[in-house]
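Given next, in structure tokens, is a single chain: the form predicted alone.
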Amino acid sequence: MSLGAYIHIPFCNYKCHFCDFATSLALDELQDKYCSVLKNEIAKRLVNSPSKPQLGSIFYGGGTPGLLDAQNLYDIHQTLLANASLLPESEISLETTPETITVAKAKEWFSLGINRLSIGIESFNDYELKRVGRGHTSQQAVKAIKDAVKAGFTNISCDLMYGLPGQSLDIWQDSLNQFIKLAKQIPQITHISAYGLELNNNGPLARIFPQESGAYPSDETFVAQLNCLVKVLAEAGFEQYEISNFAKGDYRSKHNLNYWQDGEYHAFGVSAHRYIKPYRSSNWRILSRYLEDSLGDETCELIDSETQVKEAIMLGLRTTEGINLLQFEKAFAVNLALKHRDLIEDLIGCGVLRQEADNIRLTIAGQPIANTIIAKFF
């Protein structure tokens, strides 16, 4: 595992109905000030590191980092590199939306050192995109990917969502088929993150389509959508390596793997969460508070041995490799097979967990209820 760095850029052109992240629509008024504060935070936090960090991955997330002026993005990146070094073959990702991508802008990102784009497409159904408040069409999404390829990108990840209001199994399968068709035409599409909707009860989507409205897929349809996702992507050469993530060949996300393998990571920007053992902390979630106190922590938690065990179970069971019981005992001095013998046997009997030699992992039937299963171990 290598050290990661996450940089949060909160600005968006619009607020998606399902979004629960710290975002701001005041791009023009606040961009320069935010970037100045962010650079100061990066320099001051890293100067206090015991040694100059060596980064295996950097992730510009948001928000919509693709909205930043090229000069601001360049300045932030140079500030980070002045205070940290990159390991060979480091992964540097930028998250953005289709409508922000042009050939000229993507070339600027590529020349900066960004070598991976994560594009939030969410659906290839225009009516569905409109229902959830997205600002692009499926045609714009296709053009954006082609423009990124023209700019030189060879590692492109696409985000899709299922469990959306009004989304039948047929609509979801059609969106997947369009993605697969596109991926066959464009081999630079190497990765897909496909997320089941988690409804934020205080968000716009819940107000437009309340949970009790009947607009959302039934539990049976939701499970069928996940099963369809795994089957269709496997047939197209995308291997599932975590509940929501699929990759061709060696194109698994290094940054996200670091999270799931309990690695350490720095983080900068409003609401950003960092984990430098044994502490996990987060910046202020409210933008105005962050701008006033960028080095202040809204939360700071000592991750004790009991919490480490719980998190290792949670993270391990989200991956398709699961948990190696021997390695787990060596790392944490906990014999899971003995401590949770009855639970493991019950879950295997229910068909939601399987054990192969010294590994336990969720089955496809267990993935939709992963959180419930994981909680049983606690």
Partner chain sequence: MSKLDPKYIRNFSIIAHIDHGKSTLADRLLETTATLSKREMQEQVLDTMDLERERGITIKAQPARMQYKAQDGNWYVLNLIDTPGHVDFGYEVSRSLAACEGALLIVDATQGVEAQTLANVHLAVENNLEIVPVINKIDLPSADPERIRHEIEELIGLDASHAVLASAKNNIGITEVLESIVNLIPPPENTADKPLRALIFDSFFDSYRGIIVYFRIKDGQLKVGDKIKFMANEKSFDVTELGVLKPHQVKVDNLGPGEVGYLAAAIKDVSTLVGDTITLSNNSASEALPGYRPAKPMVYAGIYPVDSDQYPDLREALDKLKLNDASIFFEPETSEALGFGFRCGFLGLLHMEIIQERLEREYNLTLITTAPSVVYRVTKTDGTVLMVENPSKLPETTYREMIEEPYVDANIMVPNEFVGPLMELCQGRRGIFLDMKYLDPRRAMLHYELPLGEIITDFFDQLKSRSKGYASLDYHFKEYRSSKLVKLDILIGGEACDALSAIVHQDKAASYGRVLAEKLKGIIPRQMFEVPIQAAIGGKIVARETISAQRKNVLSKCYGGDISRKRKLLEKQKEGKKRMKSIGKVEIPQEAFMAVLKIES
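Fair warning: this is a prediction, and the values are worked out from it, not measured in the lab. Residue numbers count along the first chain shown, from 1.
The form predicted together with its partner chain is left out here; the points below concern that form.
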Does any part of Glu311 reach within 4.5 Å of its partner chain in the model of the complex? Heavy atoms only, please. yes
When the contact criterion is heavy atoms within 4.5 Å, does Ala70 count as touching its partner chain in the model of the complex? no
Consider Ala236 of the chain shown here, and say whether it contacts its partner chain in the model of the complex, taking contact as heavy atoms within 4.5 Å. no
Do His273 and its partner chain come within 4.5 Å of each other in the model of the complex, heavy atoms counted? yes
Looking at 145-153, 182-190, 82-90, 220-228, which one sits within 4.5 Å of its partner chain in the model of the complex if you count heavy atoms only? 220-228
Counting only heavy atoms and a 4.5 Å cut-off, does its partner chain in the model of the complex sit next to every one of Ala247, Leu325 and Phe328? no
In the model of the complex, the residue from Arg131, Lys105, Arg280, His77 that sits within 4.5 Å of its partner chain by heavy atoms: Arg280
Counting any non-hydrogen atom inside 4.5 Å, which residue from Ser288, Gln139, Thr307, Ser168 sits next to its partner chain in the model of the complex? Thr307
Using the arrangement in the model of the complex, list in sequence order the residues of 343-378 with any heavy atom within 4.5 angstroms of its partner chain. Asp346, Leu347, Cys350, Val352, Gln367, Pro368, Ile369, Ala370, Asn371, Thr372, Ile373, Ile374, Ala375, Lys376, Phe378
